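Quick heads-up: it's one chain on its own, the form predicted alone, in structure tokens.
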Amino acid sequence: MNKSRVLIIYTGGTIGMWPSESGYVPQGGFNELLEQRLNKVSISALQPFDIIELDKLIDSSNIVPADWATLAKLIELHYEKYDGFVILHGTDTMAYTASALSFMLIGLSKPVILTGSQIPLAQPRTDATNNLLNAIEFAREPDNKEVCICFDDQLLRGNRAKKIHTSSLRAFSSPNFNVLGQSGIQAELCPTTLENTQQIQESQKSTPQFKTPDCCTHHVAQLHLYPGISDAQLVAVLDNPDIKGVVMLSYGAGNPPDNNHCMMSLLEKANNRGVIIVNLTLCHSGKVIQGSYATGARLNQLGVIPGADMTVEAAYTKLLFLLATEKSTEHIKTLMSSSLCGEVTL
């Protein structure tokens, strides 16, 4: 039986970096690096695969939405030739990229796995080898048909994942969603993953309908609330004519400081101008239940959308995507507040 063919897309990130006088920097020639660091048995186990590199390698801290469109277009260009895809990416913004791709690659029927490392492949004690081998195994899993992050033996839904640690080898988790797969002696999908994936596929288009819009970063802002937030900061975000959407992070189950009359007035005016405001929680886990407290109920009156248990990365990228692809504000609000607002489905 022939093994599935995998395309590895190297974007940069820690996995392929080398030390310099100013710290780790991206460096080209990942294919050669792989051959230097892995033995022939490991290389043989990875085959068949091809590697392509971005013309300009990126430290993921410099990722912008145009880079997400570039990656989606690369997958679209090579979609028929390969059975699965692995994207080597820096960890800092990997969750943003995974979320964005999950919305751009509508109707995906093949696995797209993002991975990277906390320690470069060229360094001792690297976690890159394990992450790459596992990612390729999951990229060959035909029952996996979505965008995922594979890191430290865990497979996570792309738009449910977050980077949670700067230095631990277990750098990612999905605080409000179960792990999709585990890698032990075998790399295996969890039984619930197979059932959930089938439901997603049934709700999507029967054929891929990839969309790679020009998502302008200045259209969506993030507003993290904190005690004593200044009027100037609120005005800069909520009274800015260039802003079309806001991801707001409030306290607990979605509670704002409703005694802040400037904030409440600006939220109302922004909503009346057609700005789409999505309310998330500052908590690591759990979801927004807008109205469980009187302060949160006020947001319902102002037209603020409760973001349930979406991650910031998912809400931000989904809102960017919808503003670039949908014309109706009311339709965007419906899609952002749907029961599947944090899932692949639009």
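The structure presented is a predicted model; accordingly, all values stated were derived computationally and were not measured. Note that residue numbering begins at 1 and tracks the sequence as displayed.
Not pictured, yet referred to below: the form predicted in complex with a small molecule.
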property	result
Among the candidates Gln118, Asn134, Asn271, Thr212, the residue which, in the model of the complex, approaches the small molecule to within 4.5 Å (heavy atoms)	Gln118
Proximity to the small molecule in the model of the complex, single hit among Thr91, Asn144, Ser173, Asn255 (heavy atom within 4.5 Å)	Thr91
Partner-proximal stretch of 307-315, 39-47, 52-60, 286-294 relative to the small molecule in the model of the complex, 4.5 angstroms, heavy atom	52-60
Partner proximity in the model of the complex: Leu322 to the small molecule, non-hydrogen atom cutoff 4.5 Å	no
Proximity of Met336 to the small molecule in the model of the complex, heavy atoms at 4.5 Å	no
Touches the small molecule in the model of the complex: Ile332 (any heavy atom, 4.5 Å)	no
The small molecule contact at Ile9 in the model of the complex, heavy atom, 4.5 Å	no
